[in-house]
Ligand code: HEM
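One chain follows as structure tokens, the form predicted on its own.
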């Protein structure tokens, strides 16, 4: 029995020493990364941000790889999202910040105006007011909202990919109440401008997603705001811009936004939390069924704070701290067991 107690005590002590040593050995590596506090996405300064996703100016930006997750938090969920990773670059000038978002996609889904066809899309999310702290990744919460710039493929290409493009051999007899002559193909906007708008029911009821005139006025990038799931709505100010290009089996999406937001200014060198979402129409992704990222730190230019901490300075990663604490607990437990074993031997005369 005494041999067993001594072996157990020795084993606990060795485990504690090993855990403490491992945490201490890993501490410089983790502290080196954490002390620099480098943003994941650094925007480069240019004279004027590009307006085309294929502009050569994007070569000045360092790409950042953004890991995407399937949205499984709230209904409607998706088990596996189409976009697994985004490559993001950022540029800025005196007035605007622009990001280029790229990811491979076998299908170009721009919504052909038919049933059960869904668009591709991408969104950039940032805090509505960073002074309130970083909002929950779940599209904000009450009193701490987010601003979302949403590029929609059909808002850019929809007018070129309507029902007659989906079914090129179809014949148009007569679209009653559309305002167009018999034998002509009616466009959605015809009901609003030439015919009776109540026959384009959703648009007549004020649904901007179904209103081609709103889509044409706003452009491919719609600015929205949210304070949590179920509260997403168009922003009163539409100041986003952008354009998408589909090349070589991949999307290249430019999203541009003003540095002067309603409640804050995106300043050089200041950290800015940003997050991303992507929809793959070929996988029937829409609404909450999407891929999303966690908050990523961005910065216009390299922030001054992003300098290595001198050796020996305070700090350390949560992992190193946890390892050290675990080591101390294990050593303490070993000491208690050893003390009890020693006391047992003394009381037993052994």
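A quick note: this is a predicted structure, and the numbers were derived from the prediction, not measured. Numbering follows the first chain given and starts at 1.
Keep in mind the form predicted in complex with protoporphyrin IX containing FE is missing from the figure; the text below concerns it.
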In the model of the complex, segment of 175-183, 162-170, 105-113, 230-238 with a heavy atom within 4.5 Å of protoporphyrin IX containing FE:
230-238
Residue-level contact is defined here as any heavy atom of the residue lying within 4.5 Å of protoporphyrin IX containing FE in the model of the complex; does residue 288 satisfy this criterion?
yes
Consider residue 275 of the chain shown here, and say whether it contacts protoporphyrin IX containing FE in the model of the complex, taking contact as heavy atoms within 4.5 Å.
yes
Find out whether any non-hydrogen atom of residue 292 is located within 4.5 angstroms of protoporphyrin IX containing FE in the model of the complex, and reply yes or no.
yes
Give a yes or no for residue 71: in the model of the complex, does one of its heavy atoms lie within 4.5 Å of a heavy atom belonging to protoporphyrin IX containing FE?
yes
If you check 266, 88, 78, 139 against protoporphyrin IX containing FE in the model of the complex, which one has a heavy atom within 4.5 Å?
139
Using heavy atoms only and a 4.5 Å cut-off, determine which of 254, 221, 124, 83 is in contact with protoporphyrin IX containing FE in the model of the complex.
124
